[in-house]
Ligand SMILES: Cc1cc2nc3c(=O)[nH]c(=O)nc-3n(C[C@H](O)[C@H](O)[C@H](O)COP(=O)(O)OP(=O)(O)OC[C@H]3O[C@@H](n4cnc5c(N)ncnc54)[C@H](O)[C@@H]3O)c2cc1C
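The chain below stands alone, shown as structure tokens; this is the form predicted on its own.
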Amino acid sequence: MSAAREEDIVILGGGLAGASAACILADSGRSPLLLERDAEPRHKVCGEFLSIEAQAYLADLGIDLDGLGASRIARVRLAHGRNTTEAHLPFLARGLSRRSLDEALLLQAGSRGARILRGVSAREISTEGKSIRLDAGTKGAIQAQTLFLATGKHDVRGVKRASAGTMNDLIGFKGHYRLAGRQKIELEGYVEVMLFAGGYAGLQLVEDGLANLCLVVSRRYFDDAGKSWDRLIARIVDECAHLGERLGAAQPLFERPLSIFQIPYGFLHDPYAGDPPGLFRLGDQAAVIPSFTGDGMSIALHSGRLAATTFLAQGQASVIFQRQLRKDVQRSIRFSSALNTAVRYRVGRQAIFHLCRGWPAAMRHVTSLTRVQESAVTGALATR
């Protein structure tokens, strides 16, 4: 076995969780090595919805959402077939592409003292006792005292997530569109959630007046559409006329949609799974919440901050962090996973839509119940 380069702190992944942890660690005088797989900024499959909790973390890290052109979202609209209902959100949300947001956070981390290597990913991670070794491809082997695993939905050989009990037959798609004038006006200030037989879709504006369409479908639904994006959209539009109106004269801005397979919705990492001390699992490597909640980004930011501050206070006691993170997010993940299961059935979709139409405040309550708990966010922000 070749000699490994030794590093005190390695952060694998430069998304929201990894970059936010890098900022906190660098502010404390540490100089973490952050490995980001993408050589250049890129788009990612994501609803791009920033809740009030996510905004609080970003503001604390010095991210200027107004300067980045983030949209403002005050209402939610639920669509089922040809029918819609809507309600005010319990907070002012923002919309911003992951391409812009992730790059802004990486720049923040670098400016604070984190060492960032782009175009580098780990092929495999091996753990034995307290040892953590990364195969970083062209960068060779790295022996890490502490590893923050923040690779999002992408698993790494040797430390893959346990998928048992999760809904992992789902496929996520994402694309940006330039909507026709009237459709853009009608979408302004809203996040729209559309229910259909094979899954659901979310639509909202991000920066520059562009619309982000993010949808989740079952593998069977995609197979029945001939594994074709065009046929998939045509099938959804045939059932959900509202989406057809939005996209009717829209200009797609991606040559082909982004996609990700086997999303393990409902995953919650077991703090006692046998990871060595010093291995901190962040973001989607620790917890995966169904995307219709719009809380994935706040969980990522919360986990990045909580992991970094726990390390600074407790050293390599990663189990303390994993226990606290699980406590902070398990209520929202279990509730949203139950909803996600319900909308997979026709009777469930109908019941949820009719409840929301008859009692619009239900949408506000659902939004509140799928958030990281306010006390957890307040406590994390008070710790430096």
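Not measured: the values here are computed from a predicted model. The numbering used is simple: start at 1 and walk along the sequence shown.
The discussion below concerns the form predicted in complex with this ligand, not included here.
Listed stretches are 45-53, 325-333, 64-72, 23-31; the contact stretch with this ligand in the predicted complex is 45-53, by a heavy atom cutoff of 4.5 Å.
Of the listed positions (A300, I132, V76, A109), a single one reaches within 4.5 angstroms of this ligand by any non-hydrogen atom in the predicted complex, namely A300. Checked against this ligand in the predicted complex, the candidates G266, G278, G95, G296 yield a single residue with a heavy atom inside 4.5 Å, and that residue is G296. By the 4.5 Å heavy atom rule, the three marked residues G13, K153 and C214 all count as contacting this ligand in the predicted complex.
In the predicted complex, this ligand lies within 4.5 Å of some heavy atom of S291. The closest heavy atom approach of D38 to this ligand in the predicted complex falls within 4.5 Å. Among heavy atoms of D102, some come within 4.5 Å of this ligand in the predicted complex. For the chain shown alone, L210 is not a contact residue for this ligand in the predicted complex, no non-hydrogen atom being within 4.5 angstroms. In the predicted complex, this ligand lies beyond 4.5 angstroms of every heavy atom of every residue of 57-74.
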